[in-house]
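Quick setup: one chain, the form predicted alone, written in structure tokens, and binding and motion questions come after.
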């Protein structure tokens, strides 16, 4: 059908011409959609503010002949953008989430990724947890959904469950002492415990962990993320760890 409607999260926008804007949206039922919002940069626009990053919006699209659809209507469902944009740490964390979601999804339906991002942005906007914890938990879960969860309980090279002493990104997670290459990041059982807590949302435990241990795990998650995406995330360098 040339016209369709869906719920979506605004991932990214950029200007087109003098008054239009191209919007990248992760939708619940149609995957990632790129569409033109005509005239939204004019002061008289009725829905320009509803199409800002991190907003959750009910959108009506017109499917034309070009690669870009056209946005006909937009109604706000979750006004998370303002609460996120007003705090630097929330904004940078949300930017990494949006960029990651954009890389991990395409035009195919990705309801699980949509639901995960929706929950993470809602939590960020409410300040439920420290933004860096919300971000790391989101990244662990997003890559798990994509089939790239790091191996934590067995060696990712030989499969042994014994003597896991290092985390090697290009091997896929934890490795045993025998398989660990020289210079690899040595970690202990406490690091694995943090990884597992991020995957399962054990917030009370995470908020009691020493910030230095969390920062080390964050660096490993960042490396894991960028290895599987095969290029750096531009927004990640601005995150305060």
Partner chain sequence: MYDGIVQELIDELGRLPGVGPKSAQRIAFHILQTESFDVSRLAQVLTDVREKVKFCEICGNVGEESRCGICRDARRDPSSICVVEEAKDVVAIERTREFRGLYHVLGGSISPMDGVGPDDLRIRQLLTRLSDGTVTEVIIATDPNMEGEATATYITRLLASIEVKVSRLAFGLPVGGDLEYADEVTLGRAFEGRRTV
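Positions refer to the first chain, counted from 1. Keep in mind that what you see is a predicted model, and the values were worked out from it rather than measured.
Only in words, not in the display: the form predicted together with the partner chain, which the text now covers.
Shown here without its partner, the chain carries 52, 81 and 85, all of which come within 4.5 Å of the partner chain in the predicted complex through at least one heavy atom. The chain is drawn here without the partner chain; in the predicted complex, the stretch among 153-161, 89-97, 117-125, 134-142 whose residues come within 4.5 Å of it by any heavy atom is 89-97.
Of the heavy atoms in residue 108, none are within 4.5 Å of the partner chain in the predicted complex.
Interface residue remark: residue 46 is counted as part of the site for the partner chain in the predicted complex, having a heavy atom within 4.5 Å. Contact check for residue 21: a non-hydrogen atom falls within 4.5 Å of the partner chain in the predicted complex. Contact annotation: residue 149 falls outside 4.5 Å of the partner chain in the predicted complex, judged by heavy atom distances.
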